[in-house]
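Let's start with one chain on its own, the form predicted alone, as structure tokens.
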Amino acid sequence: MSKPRVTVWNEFRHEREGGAAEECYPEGIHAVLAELFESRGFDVETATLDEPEHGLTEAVLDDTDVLTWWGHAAHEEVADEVVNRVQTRVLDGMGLIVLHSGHFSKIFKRLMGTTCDLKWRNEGERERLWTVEPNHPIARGVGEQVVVPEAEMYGERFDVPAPDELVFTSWFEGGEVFRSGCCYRRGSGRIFYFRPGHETYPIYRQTEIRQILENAVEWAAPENADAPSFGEVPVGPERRD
């Protein structure tokens, strides 16, 4: 089976503003994720907000098996035309991995049909990511728990539909918990929301997190299946009155 074709989308604003984000990801979060996926043998492209059509042209999306999405400060700058284009591709079978603050992205809110709001606090607290479905493909090789030394807290209630499958749950030093690894299916496409990851913490360089992201891409990639057919059909020859 061929490896998935991955497009890594990043807002790429914080990392160009100096400060902790630039120190943590000087080439952008997308560069770190692209390096990860390339090291696993995936065919990888990157796209960012300020490119024409945000780098997500019809040609790019048609050549994408799995799209990863990281955004934070400029969700409203994403053109509705591009959101429509991504939604169509997901419904047709493209996988989508929404990362951290991408929970407020237009595309995730569109696909969930809810506000996707939550509680948050950024104090660099320790996060303990618990694997609640150890036999799920996304949890392969991860173990019972992953400790993230410094993280932004996200807390319940997370205003999303109940996941089809919940793979990870987080606990934070302040006592909050959060559904951090949520799987959904929309149309023919698979969606994975994964909470860990912030622009000022090196979470995407952590070995266990990278393993989860690799697994998620493989899980979200389209299966080689016949596309469903819709619409009016003639009466079949086996009709019985």
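A residue's number is simply how far along the shown sequence it sits, counting from 1. Bear in mind that the values here come from a model prediction, so they are computed numbers and not experimental data.
One more form of this protein should be noted, the form predicted together with a further copy of the same chain, which is absent from this view; the next part is about it.
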property	result
Non-hydrogen atom within 4.5 angstroms of a further copy of the same chain in the model of the complex for each of T115, D159 and L166	yes
Listed range touching a further copy of the same chain, judged in the model of the complex by heavy atoms within 4.5 Å, from 50 to 58, 179 to 187, 28 to 36, 65 to 73	179 to 187
Heavy atom of R85 within 4.5 Å of a further copy of the same chain in the model of the complex	no
Distance check, E123 to a further copy of the same chain in the model of the complex, heavy atom within 4.5 Å	yes
a further copy of the same chain contact in the model of the complex: V132, any heavy atom under 4.5 Å	yes
M153: touches a further copy of the same chain in the model of the complex, heavy atom cutoff 4.5 angstroms	yes
Members of 168 to 183 lying within 4.5 angstroms of a further copy of the same chain, judged by heavy atom, in the model of the complex	T169, S170, W171, F172, E173, G174, G175, E176, V177, R179
